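Next comes just one chain, in structure tokens: the form predicted alone.
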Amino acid sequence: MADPRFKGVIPPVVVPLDENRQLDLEALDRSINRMIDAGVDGLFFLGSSGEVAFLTDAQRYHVLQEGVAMVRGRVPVFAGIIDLETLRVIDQAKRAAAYGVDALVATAPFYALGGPRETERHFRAIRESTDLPLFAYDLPVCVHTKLDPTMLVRLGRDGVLQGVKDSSGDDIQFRWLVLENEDAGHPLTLLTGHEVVVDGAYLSGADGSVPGLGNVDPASYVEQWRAYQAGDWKRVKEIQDRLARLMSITRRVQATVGFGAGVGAFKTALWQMGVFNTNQMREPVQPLVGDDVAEIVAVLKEAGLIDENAAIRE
């Protein structure tokens, strides 16, 4: 059976930077405590929302070191060990373990692309090099490999994987994964990476969510999870509708696409809410400015996350 420690709302931590693109420790501590105080069940460092693809190894380890220290064991810490190929991922796993994380999260390899056999061997090789719980991160939009549900459940039965973070956007495959996992005795914890249709994943049988928007509004995702646990589906949908409207902060952005629009909108929202001190991004992505900031502020005011009369921060 899946480990009961790894359920519920586990936001992927958005990392604040100062104007010089250095880690803003004050803002990071404030954001971490805000999410923990809201009742989240874990925190995922060095995921896509944490701009892991833009970090040097030294920057990754700095985030982990500071993040683990700030969490202080209050919730489980997941660490992304995302890298090009297997041996580099194993090296990331060993370094992350040294910082005292509770679980590891790895994608398929994504440079020298292989097939199903190589992908399965990749996860088995990671398992041979670590005793920590290992989650597969299904992210085909970035790594160009869709993880097969049957393979994932097989790896779960064999003790290679302990869970899956599904950010594929493929709800049909996720439903099949849930069914195969149940038929096998639920060896895997299944987490959805959605922000907008978490209610649908819960209806399918997901064990929790990993929403980047949970940095902005952690309390609503926690309330939704608790309503799901209580069987209050009406409330689950009501909260999801509100969160779907809030997620429109990423759709209002006109100046850029990709990380700049997604993570850029999260950072801008947190900045305007006073959680972050800037909305600075990692090179080569630029922070949002002008009309994009104003659009995000308008959504935040509609959601009640900023006072209606508040001025836009400069």
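Note that the structure is a prediction, hence the values are computed from the model and not measured. Numbers follow the displayed sequence, beginning with 1.
Below, we refer to the form predicted in complex with another copy of the chain, which is not included among the displayed structures.
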| item | value |
| --- | --- |
| Listed residue (L132, A219, A227, V143) with a non-hydrogen atom within 4.5 angstroms of another copy of the chain in the model of the complex | V143 |
| Any non-hydrogen atom of V257 within 4.5 angstroms of another copy of the chain in the model of the complex | yes |
| 4.5 Å heavy atom contact, D158 to another copy of the chain in the model of the complex | no |
| Contact label in the model of the complex: H62 to another copy of the chain, heavy atom within 4.5 Å | no |
| A98, heavy atom within 4.5 angstroms of another copy of the chain in the model of the complex | no |
| One stretch from 266-274, 62-70, 30-38, 249-257 that, in the model of the complex, holds residues within 4.5 Å of another copy of the chain by heavy atom | 249-257 |
| Non-hydrogen atom within 4.5 Å of another copy of the chain in the model of the complex for each of L84, H122 and D183 | yes |
| Any residue of 171-209 that, in the model of the complex, places a heavy atom within 4.5 Å of another copy of the chain | D171, I172, R175, W176, L179, E180, E182, D183, H194, V196, V197, D199, G200, L203, S204, G205 |
